[in-house]
Ligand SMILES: N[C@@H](CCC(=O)N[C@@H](CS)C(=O)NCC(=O)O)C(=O)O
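The data below hold one chain only, encoded as structure tokens and taken in the form predicted alone.
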Amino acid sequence: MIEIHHLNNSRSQRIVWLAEELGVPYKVVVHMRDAKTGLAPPSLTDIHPLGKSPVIRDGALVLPESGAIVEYLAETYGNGKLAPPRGTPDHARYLYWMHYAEGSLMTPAMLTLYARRMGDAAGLLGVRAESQRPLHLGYIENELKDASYFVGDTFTAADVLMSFPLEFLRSLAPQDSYPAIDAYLKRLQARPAYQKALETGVAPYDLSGYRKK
């Protein structure tokens, strides 16, 4: 059984969702953010010294990092279900979006959040962060105009990884118009496994509070 160390309102929601998609037995260990600071609790350092979420335990293996976890679970338990065959153009595209999600896309997302919290003190950092957000969202909007998912019309683990940064960025500026992205997120959120992961009730998943900080 997979043990998922899950932090409320965080990227780890995707790991619970992925476990549901794969039909893998799992147990969730909940960690709650500090109500004042929003930071993860010290209890996460008991499973990994960096104190970050998500982290999974699978037998003797302890694995942090969202991208590594998603790739590991898809390869180990997916039986080819959520990843294109290796050596194909679709697999190359799959790898790109898997790495883009936690690399190129999460960076401007987090910079935007921190710059807004800093207010005027953010200076040029704030200007840079706010310019990167529409740049990336515009790029993704164009990619999704004629595709249901990031690898054509097939749902893959790359979509699981891309879900959080897009939900997060849309929560920061919900008034901006990105119809293809919004339609894409609705498709993901309508999936039975996505809904089941929310219905477990193990930890709140509400990103709207970030725009107030």
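Numbering starts at 1 and follows the sequence shown. What you are looking at is a predicted structure, and each value in this text was computed from that prediction instead of being measured.
Beyond what is shown, the protein has a form predicted together with this ligand; the following relates to that form.
- Only one listed stretch (149 to 157, 184 to 192, 170 to 178, 62 to 70) carries heavy atoms within 4.5 Å of this ligand in the predicted bound form, and that stretch is 62 to 70.
- When contacts are defined as a non-hydrogen atom within 4.5 Å, none of 111, 126 and 133 contacts this ligand in the predicted bound form.
- Looking at residue 7, you'd find a heavy atom of it within 4.5 angstroms of this ligand in the predicted bound form.
- Contact annotation for residue 40: at least one heavy atom lies within 4.5 Å of this ligand in the predicted bound form.
- Mapping the unseen interface onto this chain, residue 48 falls outside it, with no heavy atom inside 4.5 Å of this ligand in the predicted bound form.
- Shown alone here, residue 141 lies farther than 4.5 Å from this ligand in the predicted bound form, counting heavy atoms only.
- Along 16 to 35, a single residue, 33, places a heavy atom within 4.5 Å of this ligand in the predicted bound form.
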